[in-house]
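Only one chain is included here, represented as structure tokens and corresponding to the form predicted on its own.
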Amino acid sequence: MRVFFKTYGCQMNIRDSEIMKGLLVRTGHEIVGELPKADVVVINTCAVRAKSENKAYSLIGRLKKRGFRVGVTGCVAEIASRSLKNLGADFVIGTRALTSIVDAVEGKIDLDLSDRLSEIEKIVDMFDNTSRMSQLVTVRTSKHHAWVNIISGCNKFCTYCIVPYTRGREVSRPMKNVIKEVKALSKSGYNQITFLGQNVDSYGKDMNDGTTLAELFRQVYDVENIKRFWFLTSYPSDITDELIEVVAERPRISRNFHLPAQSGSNTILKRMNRQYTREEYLELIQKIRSKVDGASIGGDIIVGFPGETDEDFEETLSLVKEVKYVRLNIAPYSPRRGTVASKLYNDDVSKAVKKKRMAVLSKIQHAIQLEMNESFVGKTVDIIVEGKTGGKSFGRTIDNRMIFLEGDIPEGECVKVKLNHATAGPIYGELVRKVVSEVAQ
């Protein structure tokens, strides 16, 4: 059977789609890249924002009108199976039942699998048994850069966030399994690895055996052929001095720390149940920058959380100006049913105010990024090419700046680029030479 995937949301969803594609290919099905060629369409959904969820609902309706058989997986499937069935979904598989994708596509089981204990047991086994699942049955989106899950779930319970209810509590993979997967990826030609988790820095806390993200980096750092290690996404209060020191001492680990602040106001942070203060967050940023040469900070901000006043928003603006994010994701607050915030707080900041605050914040962030990027003009940097578009190849610096250069350079190549033009987004440059014997830094 020919199956087309549409994936919404974060890197965790991308990784889930890779695993499901692998399971289907292993059992004789074909993954197609064009919708008209498909017999079945699988929509892997995200429930973090209302916008993503609504896109999925709209797509289901359009696909059913065109006669497609449609399955829905992911976070929306975990929390809204009844709504999805009413829209005409042919099967619904939650985040803890991914291993049922083959039976679902083949029509051997019907509809909602999101809460079946047997399927939950399967996905836990899948998460632990790397050799059986992650390595053998994955169809990866890249042949050079691999996403590697090391922890699933979240224990933070931020009042606005649905993730703990869709992904469950934190479960770490045994380190030996992660190491085994990294070594296998190296032998298969991968030279970049990104360790994934909702709270990647919580890795190992549930195991009580000395497992940490810092120790994992120590164990895999010398694996042959791996030129760069990345890690996403970090929770500010989970970043340890040990991790900072490990990153500082090892130049092939990303210099980019993605640390969602969500707000610059202590009042709003408390209402969000974020487990740090503005002052603690800024102290962490200062510590990272003082110890990690060339460190950059990425982040997320929610605009218009219930009760956010003009004064609260001004505190967020001042935080953004002080931190100077290399990249910042900005989103308006949207109530997610089932969360604490949706039950306790009125969504009392109007859409017009949210839109205005987003525009103000975006303008400030745009100016910050442009200023920082302009400081790189004239420098030579190392990148690993990740793809090409519009006649240009592109890749990222070790601190997560996007670089474009002329020419069709193969994916996975390590190259030196002289930067000559900056925008608030990418920086543009020209090829100096390929890096043959050196390690991309």
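One-based numbering along the sequence shown. From a predicted model like this one, the values you see are computed outputs, not experimental measurements.
Beyond the structure shown, there is the form predicted together with S-adenosyl-L-homocysteine, which is absent from this document and is the topic of what follows.
**Student:** I'd like to know if His29 sits close to S-adenosyl-L-homocysteine in the model of the complex, meaning any non-hydrogen atom pair within 4.5 angstroms.
**Tutor:** His29: no contact with S-adenosyl-L-homocysteine in the model of the complex.
**Student:** Spell out, yes or no, whether the shortest heavy atom distance between Gln198 and S-adenosyl-L-homocysteine in the model of the complex is within 4.5 Å.
**Tutor:** Yes, contact at 4.5 Å.
**Student:** In the model of the complex, is there a heavy atom of S-adenosyl-L-homocysteine that lies within 4.5 Å of any heavy atom of Asp300, even though the partner is absent here?
**Tutor:** Asp300: yes, in contact with S-adenosyl-L-homocysteine in the model of the complex.
**Student:** In the model of the complex, does Val340 have a heavy atom within 4.5 Å of S-adenosyl-L-homocysteine?
**Tutor:** Output for Val340 is no: heavy atoms all beyond 4.5 Å of S-adenosyl-L-homocysteine.
**Student:** Considering Thr233, Ser100, Ser296, Ser81, which brings a non-hydrogen atom within 4.5 Å of S-adenosyl-L-homocysteine in the model of the complex?
**Tutor:** None of the other options qualify; the answer is Thr233.
**Student:** So S-adenosyl-L-homocysteine isn't shown here. In the model of the complex, which residue out of Val48, Val381, Val385, Ile403 has a non-hydrogen atom within 4.5 Å of it?
**Tutor:** Partner contact (heavy atom, 4.5 Å) among the options: Val48.
**Student:** Would you point out which of 217 to 225, 182 to 190, 160 to 168, 84 to 92 contains residues with a non-hydrogen atom within 4.5 Å of S-adenosyl-L-homocysteine in the model of the complex?
**Tutor:** Heavy atoms within 4.5 Å of S-adenosyl-L-homocysteine in the model of the complex occur in 160 to 168.
**Student:** Within 324 to 359, which residues have a heavy atom closer than or equal to 4.5 Å from S-adenosyl-L-homocysteine in the model of the complex?
**Tutor:** The stretch touches the partner through Ala331, Pro332, Tyr333, Ser334, Arg336.
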